[in-house]
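Below you'll find only one chain, the form predicted alone, shown as structure tokens.
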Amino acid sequence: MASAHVVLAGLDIGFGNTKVVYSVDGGPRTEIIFPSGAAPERLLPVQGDGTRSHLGGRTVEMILGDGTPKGSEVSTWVAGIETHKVQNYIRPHSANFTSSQEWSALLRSALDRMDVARVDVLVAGLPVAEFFDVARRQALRKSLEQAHRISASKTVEVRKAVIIPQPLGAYAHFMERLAAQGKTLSPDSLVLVIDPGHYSVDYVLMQDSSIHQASSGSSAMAGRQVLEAASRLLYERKQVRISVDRLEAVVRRGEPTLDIGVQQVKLSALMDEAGKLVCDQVLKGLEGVVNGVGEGLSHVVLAGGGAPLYERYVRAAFESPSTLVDVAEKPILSNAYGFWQSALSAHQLLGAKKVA
């Protein structure tokens, strides 16, 4: 296990993937990405020798019950798996994701993969619509700031947690990239950040460090709706049902085709057609939000796992001689990188307060 003086981490647990960017004692930033599938070990498929296949995931221990020795039960979960291979299991898709057992298992798996004994500052995000619910924000911070049991012999302590709106991570990452290029923005510049994920498309309108709350929010027309549309198109044309979870796994792995029995379907054209059905609806709403501000945008920042799907439509809707569209080299990690940047700022601020 790594010995560290200071561990800073940005954690982005999405419905599709879990992303972590962290540093140990001022060293280089390390990236971790794994599928956001988690389930009790007892539901995983049985192998030929009678043992359970962990499907490439990692085991973590979950404490169920009231937390007392007599009222608690230890349950073994496996996190970081493709859920379409799990028996009799339905993934959670709701605004209560951060309070679910699946989310807790993914958190523990992320901490386990970091291989540290503690995290000094951890920054995580909430969808914009949920962030402005103070009780939800405080509950998430409280659930993070504790010693998390990974197994009987391993715990990882999170000393301080900071919760920010999801797309602010991508905005911080964008500002970091601008600074690295020697560029700055006017404090009056308006920047729209669009973060299409699996469960929601989050967006914030930023002016310097301020959020235009009335022009920020979330849309439910996200990655899952694209996959559902693709699944419907497949059934209409091939009369074969393919689950959304299986389709998601194939897309995540970057495979160009989908096997349907002895047939193969090219995914690029299918996903483009499904994506247009969903993206057009979201961007029409966003254009209305931006037009209501009455001022032009300097930049549109596109982040998240759905960025490759949205890019062509975002450029068509917003790019102009006065508005630049920015897409990071690794958009899926943009929020996690920005969260790490926020963790660094929070740690520096804490240090400055101690000195004062």
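All values reported here derive from a predicted model rather than from experimental measurement. Each residue number is its position in the shown sequence, starting from 1.
This next part talks about the form predicted together with a small molecule, which is not shown.
*Asks:* Would residue 198 sit within 4.5 Å of the small molecule in the predicted bound form, counting heavy atoms only?
*Replies:* The answer is yes: residue 198 has a heavy atom within 4.5 Å of the small molecule.
*Asks:* How about residue 341 - does it come within 4.5 Å of the small molecule in the predicted bound form, if we only consider non-hydrogen atoms?
*Replies:* No, residue 341 sits far enough from the small molecule in the predicted bound form that none of its heavy atoms falls within 4.5 Å.
*Asks:* Determine whether any heavy atom of residue 229 comes within 4.5 Å of a heavy atom of the small molecule in the predicted bound form, and answer yes or no.
*Replies:* It does not: once the small molecule is placed as it appears in the predicted bound form, residue 229 has no heavy atom within 4.5 Å of it.
*Asks:* Verify the contact flag for residue 17: yes if a non-hydrogen atom of it lies within 4.5 Å of a non-hydrogen atom of the small molecule in the predicted bound form, no if not.
*Replies:* Yes, contact at 4.5 Å.
*Asks:* Would you mind picking the one in 56, 308, 27, 40 that has a heavy atom within 4.5 Å of the small molecule in the predicted bound form?
*Replies:* It is 308.
*Asks:* Which listed residue (265, 211, 251, 129) meets the criterion of a heavy atom within 4.5 Å of the small molecule in the predicted bound form?
*Replies:* Result of the distance check: 251.
*Asks:* When you measure heavy atoms, are 125, 165 and 194 every one within 4.5 angstroms of the small molecule in the predicted bound form?
*Replies:* Checking in the predicted bound form: none of 125, 165 and 194 is within 4.5 Å of the small molecule.
*Asks:* Can you say which of 284 to 292, 322 to 330, 40 to 48, 297 to 305 gets within 4.5 Å of the small molecule in the predicted bound form, counting heavy atoms only?
*Replies:* Selected stretch: 297 to 305.
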